[in-house]
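The form predicted on its own is given below as one chain in structure tokens.
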Amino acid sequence: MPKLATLIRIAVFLALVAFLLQPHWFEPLLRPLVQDNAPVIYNQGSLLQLTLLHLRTVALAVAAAALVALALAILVTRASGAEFLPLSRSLVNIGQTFPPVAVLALAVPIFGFGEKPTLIALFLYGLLPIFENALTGLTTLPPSVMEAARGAGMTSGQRLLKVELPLAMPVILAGIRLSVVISLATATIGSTVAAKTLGEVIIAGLQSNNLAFVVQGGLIVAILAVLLHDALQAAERRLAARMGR
């Protein structure tokens, strides 16, 4: 079964690559979804370029969220920063309190239309899962291992870099995985403020009543989310096995 699942994932990935490079090969499959004389394949831009720009936006936002969330988690798990835990939780919950659409509405007057408001919305939305997982990973380390590290004469910085972060990494990676999947779907709304994402394809389909466009944009996002989710989950399992967690 694991081999079959891997083969299916490879087949889906290759089909996605083929569709992005040669979308017209799939035109007969999508033609029943459109009215007569309507374009079947999205024709207002390159699907490959939009996909790459969509992934870039998600990668930038998640990378920034991971750096900030991990830094906050490290801070509040040190004795000197424990008092900041309630404040940190309040900060990372902002993204979940305000819907991404509301963040876009607030960011556009300040930063203008384009990618920046989308990055801010995704950054705020991705903080919570990474912070909570990092916090869990750093506070559930085996006491015997921590005592052994102290007994070996490691400084607090050495324990953090050589023991705590490596052991907590599978749990931290799980938070990053959640953030990536959430951001992949949420990034589509960035096209409402002129950001170049796959939401552009979906919006064009809705405006022209072209179901084929909607399916193309939605399927690409869904397949990317599943493939990245599975890849990161496999990395988590390998790290967990190596660390004995």
Partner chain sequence: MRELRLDKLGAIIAALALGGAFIAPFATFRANRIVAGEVKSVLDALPAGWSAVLLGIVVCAVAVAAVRSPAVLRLVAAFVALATLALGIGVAATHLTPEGNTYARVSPASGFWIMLFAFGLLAADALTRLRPAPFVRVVVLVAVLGFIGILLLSGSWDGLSILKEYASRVDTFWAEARKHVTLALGSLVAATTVGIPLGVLCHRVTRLRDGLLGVLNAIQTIPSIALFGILIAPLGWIAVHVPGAAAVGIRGIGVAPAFVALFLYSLLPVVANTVVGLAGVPRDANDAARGIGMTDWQRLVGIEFPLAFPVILTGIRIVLVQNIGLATIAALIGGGGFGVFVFQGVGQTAMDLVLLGAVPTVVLAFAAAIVLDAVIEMASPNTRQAEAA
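Numbering follows the first chain given and starts at 1. These numbers come from a predicted model, not from an experiment.
The form predicted together with the partner chain exists for this protein as well; it is not shown, and the discussion that follows is about that form.
Using a 4.5 angstroms threshold between heavy atoms, residue 206 counts as touching the partner chain in the model of the complex. Although the partner is absent here, residue 57 lies well away from the partner chain in the model of the complex, with no heavy atom inside 4.5 Å. In the model of the complex, the partner chain lies farther than 4.5 Å from every heavy atom of residue 51. Interface membership of residue 222, defined by any non-hydrogen atom within 4.5 Å of the partner chain in the model of the complex, is confirmed. Contact with the partner chain in the model of the complex holds for none of 12, 34 and 175, as no heavy atom of theirs lies within 4.5 Å. Heavy atoms within 4.5 Å of the partner chain in the model of the complex are found in exactly one of 42-50, 57-65, 197-205, 22-30, that being 197-205.
Contacts between stretch 101-134 and the partner chain, counted in the model of the complex as any heavy atom lying within 4.5 Å, involve 101, 102, 105, 106, 109, 113, listed in sequence order.
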